[in-house]
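In the form predicted alone, a lone chain appears below as structure tokens.
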Amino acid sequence: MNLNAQDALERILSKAKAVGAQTADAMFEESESLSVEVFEGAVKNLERSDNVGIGLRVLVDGRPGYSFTERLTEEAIERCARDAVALSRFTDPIDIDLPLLSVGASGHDLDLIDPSAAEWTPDQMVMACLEAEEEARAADPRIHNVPHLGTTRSRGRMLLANSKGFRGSRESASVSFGIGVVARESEIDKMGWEGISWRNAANLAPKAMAQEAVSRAVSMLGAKPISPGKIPVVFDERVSGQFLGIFLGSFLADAVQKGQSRLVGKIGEQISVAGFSLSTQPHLKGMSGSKLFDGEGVLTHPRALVEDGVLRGFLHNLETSRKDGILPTGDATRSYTGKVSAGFSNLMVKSSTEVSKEKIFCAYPKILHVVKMEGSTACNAVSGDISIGVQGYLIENGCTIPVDRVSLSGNFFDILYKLEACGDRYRPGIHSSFVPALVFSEMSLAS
């Protein structure tokens, strides 16, 4: 017989103590989703997915042991506890204190649930896809195919508990829609994509998204390489977070402590142009990274890692904060299947110089507007070296020319000093990366 989530948490903590753990914490997660895919006017795939599991971390004489199970029976819970304690014999001790129950770990509304998400029926989901497909095909005769078209509704719940009294929970629900179209001209194909997630299905606009995807695909027809050299570059807000994300591992305290970051020893130093700020913002209403407590039960709070260009700190969990001799920062991340790490809870970038993209384009006689990145395998997150293929538009003297088969190179830590401005808006929807368009005075371009 399966236990309910709360009983399973209490039972696994009790079993852990009974078999030798001095302290322990456990995370329960469950999720459900319904996805619809449509192709050429017919449902291609309709899939329901449900996942549930509980993960345990024990400390035996300071040595951590980890185990998880996806069966919430008495037998599975006991086996999980025994395995975690047994595995602790093979690990090195860590110095952490699990948090006590804290005021503010529950009861505060972050607007992560909207009942309408669960009420979006399969019929409505299919209809939204069919309408979008029809709109895309009618929008331009050059639309050859609509290979990517789908929508999802999802809901999740997480419970965290430890042997020192902490209890916390988090629930969320969302809907998403995406469409990718192929425009063809002279036997050359170009893809255009638009996708978004919201809490409320009423905020989705499938027809308008189809039109946007078509516009993006058609605008890239005739794209070609351009001459190599150095050029100002603006990363559109659609890809700026993706670009920045390649190098965010440098802000993890664990990487810094292991010497795997260029930011070692630079707290209090200037690492970018003045006016640039980078922060973690866990209390933004409705956003996917929002949370009241982190993966270890530490209360979260907004915090700047870079302020006015100066490095102020790193992302910590309990172990790394103790190593650095600082108070816990509330940045721990974790799933029931894995170990504890750290990460941003809604990354936010701001600049003292924020302007519209239209003004950015007018400010430079020649600038590359990047709207798509084509892989980052040649980038090195530790050294900061950049080598990445991009697509976009060369804007020169008021003329816009589509560009592809080019690559940008440089070093991330160097170009932070070449950041001249940020855009004045973030991409819409619910997500965890709030990075506006980024304008760099110069990057190297190769074709």
Partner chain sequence: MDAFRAARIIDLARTRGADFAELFVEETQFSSLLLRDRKIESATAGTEFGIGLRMIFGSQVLYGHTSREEEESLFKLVEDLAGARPRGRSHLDLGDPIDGKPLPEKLRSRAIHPGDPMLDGRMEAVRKADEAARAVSSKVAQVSATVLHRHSRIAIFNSEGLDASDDRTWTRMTVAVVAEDGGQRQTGSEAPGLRRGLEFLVDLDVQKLATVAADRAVRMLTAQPAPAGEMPVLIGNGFGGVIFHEACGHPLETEALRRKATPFAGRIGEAIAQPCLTAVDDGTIPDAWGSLDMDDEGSPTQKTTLIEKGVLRTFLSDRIGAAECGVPRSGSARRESYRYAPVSRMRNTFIAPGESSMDDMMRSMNNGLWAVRMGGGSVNPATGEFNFSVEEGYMVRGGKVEEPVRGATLTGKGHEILPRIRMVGSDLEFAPGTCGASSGLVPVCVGQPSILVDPILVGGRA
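Numbering follows the first chain given and starts at 1. Just so it is clear, the model here is predicted, and its values are computed rather than measured.
Absent from the display: the form predicted in complex with its partner chain. The rest refers to it.
**Q** Is the gap between L46 and its partner chain in the model of the complex 4.5 Å or less for some heavy atom pair?
**A** Output for L46 is yes: heavy atoms within 4.5 Å of its partner chain.
**Q** Even though the partner isn't displayed, in the model of the complex is D95 close enough to its partner chain, meaning a heavy atom within 4.5 Å?
**A** Because no heavy atom of D95 falls inside 4.5 Å of its partner chain in the model of the complex, the answer is no.
**Q** Residue-level question: is K418 within 4.5 Å of its partner chain in the model of the complex, judged on heavy atoms?
**A** K418: no contact with its partner chain in the model of the complex.
**Q** With the partner left out here, check for me: in the model of the complex, does some heavy atom of E194 sit within 4.5 Å of its partner chain?
**A** E194: no contact with its partner chain in the model of the complex.
**Q** Picking from 122-130, 349-357, 266-274, 289-297, which part of the chain touches its partner chain in the model of the complex when contact means heavy atoms within 4.5 Å?
**A** Stretch 122-130 is the one.
**Q** Only one of K339, K285, K224, K366 has a non-hydrogen atom within 4.5 angstroms of its partner chain in the model of the complex; which is it?
**A** Checking each option against its partner chain in the model of the complex, the one that comes within 4.5 Å is K339.
**Q** Only one of I113, C362, L87, A205 comes within 4.5 Å of its partner chain in the model of the complex by heavy atoms, so just point that one out.
**A** None of the other options qualify; the answer is L87.
**Q** Between 17-42 and its partner chain in the model of the complex, list the residues on our side with a heavy atom within 4.5 Å.
**A** Contacts from 17-42: E30, E37, F39, E40.
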